[in-house]
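One chain is shown next in structure tokens, namely the form predicted alone.
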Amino acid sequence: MPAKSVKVLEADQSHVKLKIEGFDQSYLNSVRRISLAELPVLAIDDVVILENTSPVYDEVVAHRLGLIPLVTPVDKYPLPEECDCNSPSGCPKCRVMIVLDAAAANVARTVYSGELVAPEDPSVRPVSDKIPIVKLAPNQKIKIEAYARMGRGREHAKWQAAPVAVLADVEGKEGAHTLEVESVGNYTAPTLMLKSVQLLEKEIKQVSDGVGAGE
């Protein structure tokens, strides 16, 4: 087994690729799986339609809102089951209110994700301002109050932080691998990778502590 080392081959806000030597493949695959399915991010999960005169059904609008990726402040919001409010509907500590209030005057127009606003926490916003939500004809209106909470990709695709995570062997070099992760945009790709490693280490410690307590 070669000496342990980690080298950044490529990195930007949406993509990171590492060359890793000396680490067990099962450990690296666990990091990959966590980035895909276990890393918590914010997504809209509860939608209250206050007014909707558009041609799109309320249920369809709610579904579209849920699939809009949201920038997630690092370590600011707990998962619902970890919040001390113990409320199924959540509280300001574990959920974020997001509002949409849009109307068309005399000309039809498309309502985009950039019109979603989180008045209580402006750091929470759509990853892209250009995701279409609904098209309004003249004099039509849509007014919504929605709530975003933390969740994991294994619950629903809307909570998936990484659409792609690939672990591969380095050809001709035993014990060397590349780990490549892309981010939806909830976190930057380097932050996503780091948080995946931290979550794995936390889970390993919990198991270790549990085994130690039983001795």
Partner chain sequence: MLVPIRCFTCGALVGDKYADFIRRVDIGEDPSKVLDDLGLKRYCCRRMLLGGFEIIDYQLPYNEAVEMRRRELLGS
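Residue numbers count along the first chain shown, from 1. These numbers come from a predicted model, not from an experiment.
Keep in mind the form predicted in complex with the partner chain is missing from the figure; the text below concerns it.
The candidate stretches are 143-151, 60-68, 168-176, 25-33, and the one lying within 4.5 Å of the partner chain in the model of the complex by heavy atoms is 60-68. For the options 103, 85, 117, 131, the one in contact with the partner chain in the model of the complex, meaning a heavy atom within 4.5 Å, is 131. At least one heavy atom of residue 137 is located within 4.5 Å of the partner chain in the model of the complex. Taking the partner from the other structure, the partner chain in the model of the complex has a heavy atom within 4.5 Å of a heavy atom of residue 184. Taking the partner from elsewhere, residue 97 is found to have every heavy atom lying beyond 4.5 Å of the partner chain in the model of the complex. When the partner chain is considered in the model of the complex, residue 190 lies well away from it, no heavy atom lying within 4.5 Å. Contacts between 156-178 and the partner chain, taken as any heavy atom within 4.5 Å in the model of the complex, involve 157, 158, 160, 163, 164.
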